[in-house]
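Here you get one chain, nothing else, as structure tokens; it is the form predicted alone.
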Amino acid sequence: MIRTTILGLGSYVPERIVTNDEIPFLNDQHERCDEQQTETNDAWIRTRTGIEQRHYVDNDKDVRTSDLGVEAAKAALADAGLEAKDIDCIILGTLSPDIHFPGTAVFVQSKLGIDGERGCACYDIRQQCSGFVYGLEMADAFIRTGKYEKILLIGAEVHSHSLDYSTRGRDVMVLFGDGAGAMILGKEESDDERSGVIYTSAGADGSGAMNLYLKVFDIGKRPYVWYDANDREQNEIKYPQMNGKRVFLQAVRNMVVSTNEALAKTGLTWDDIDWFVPHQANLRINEAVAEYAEIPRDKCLNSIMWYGNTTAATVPLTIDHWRREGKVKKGDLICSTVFGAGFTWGTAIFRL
């Protein structure tokens, strides 16, 4: 039986670290100012989010999401002992594409040097914080059906360029960081039902779409950018908007339900699973999920404290962080649950 196996894992974050103490002094170019720009502080941020710092791309360089994705891809390829030319499909999840179109995956392909008339298939998916599990489900289906043999799955984000660095936008602004994570997925012949990717599920509830969104433009408007981006009275719409209370409640509920359903359908228990890796949106959400789903705290892996919310990148970034720390090892069984804008959610169980 053809099964999907994880051949390699990699991640990348920019070198620049932005602490909670620095956040209040950043302007809309994320440059540090002498005067405070936002009414917030380290205690305010930690209490609400659990975040201590995050990584940003340099604000004096031309860095795009595809650049971060390429670095994570190179690390994953090296881990797998493969070259870019071995890849026959790229799936990239992001909510911060390089440009409106074409999709960012084709830029990654080109920067990896595997473009041209015989270039591999490239997919962009827009499931925001749920992007990596959605992408993993796609990759698993492609490999099991024999469509592709080696898939590069990437989650990558550059958030720092599109945040509202002011008191008006602080609830969202303090959450996000830049980063990327990648996996190389391949096929193996095995009758072991507990090898490779064991389980994936994905769901959505469009009634929650406008509780967490970023318009920037609206195709129903004429023109589709109808505001003055430099006018502070008009430009709020170009920044992410969030109904924090509803997002928090729906995230906890759906992550708990999805996780419990995954265990029930696979017959696995927390005795079988080595690590629980939730999406890193807010440490308080993850703590609530662990409590209500009765997940052993010593099996919960978080990284939001150091990276913030990197949306589509959080799952591979968290796993790779703890692998580098020596905690996660090859062969470990991982359950990962995500929730994001849309609303979207999903759970995957796989052996690293």
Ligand code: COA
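As the structure is a computational prediction, the values presented were derived from the model and not from experiment. Residue positions are given as counts along the sequence shown, with the first one as 1.
What follows is about the form predicted together with this ligand, which we do not show.
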- Item | Contact stretch among 75-83, 278-286, 118-126, 142-150 - heavy atom within 4.5 Å of this ligand in the predicted bound form | 278-286
- Non-hydrogen atom contact Gln37 with this ligand in the predicted bound form at 4.5 angstroms: no
- Query: Just to confirm, Asn309 within 4.5 Å of this ligand in the predicted bound form by heavy atoms?
  - Reply: yes
- Trp44: touches this ligand in the predicted bound form, heavy atom cutoff 4.5 angstroms: yes
- Query: Wondering, does Arg48 line up within 4.5 Å of this ligand in the predicted bound form on heavy atoms?
  - Reply: yes
- Item | One residue of Glu261, Asp171, Asp274, Glu236 in contact with this ligand, assessed in the predicted bound form (non-hydrogen atom, 4.5 angstroms) | Asp171
- Query: If you check Trp270, Phe248, Tyr213, Tyr224 against this ligand in the predicted bound form, which one has a heavy atom within 4.5 Å?
  - Reply: Phe248
- Indicate whether the candidate residues Phe132, Val197 and Ile319 are all in contact with this ligand in the predicted bound form, with contact defined as any heavy atom within 4.5 Å. no
- Query: Which residues in 312-341 have a heavy atom within 4.5 Å of this ligand in the predicted bound form?
  - Reply: Phe339, Gly340
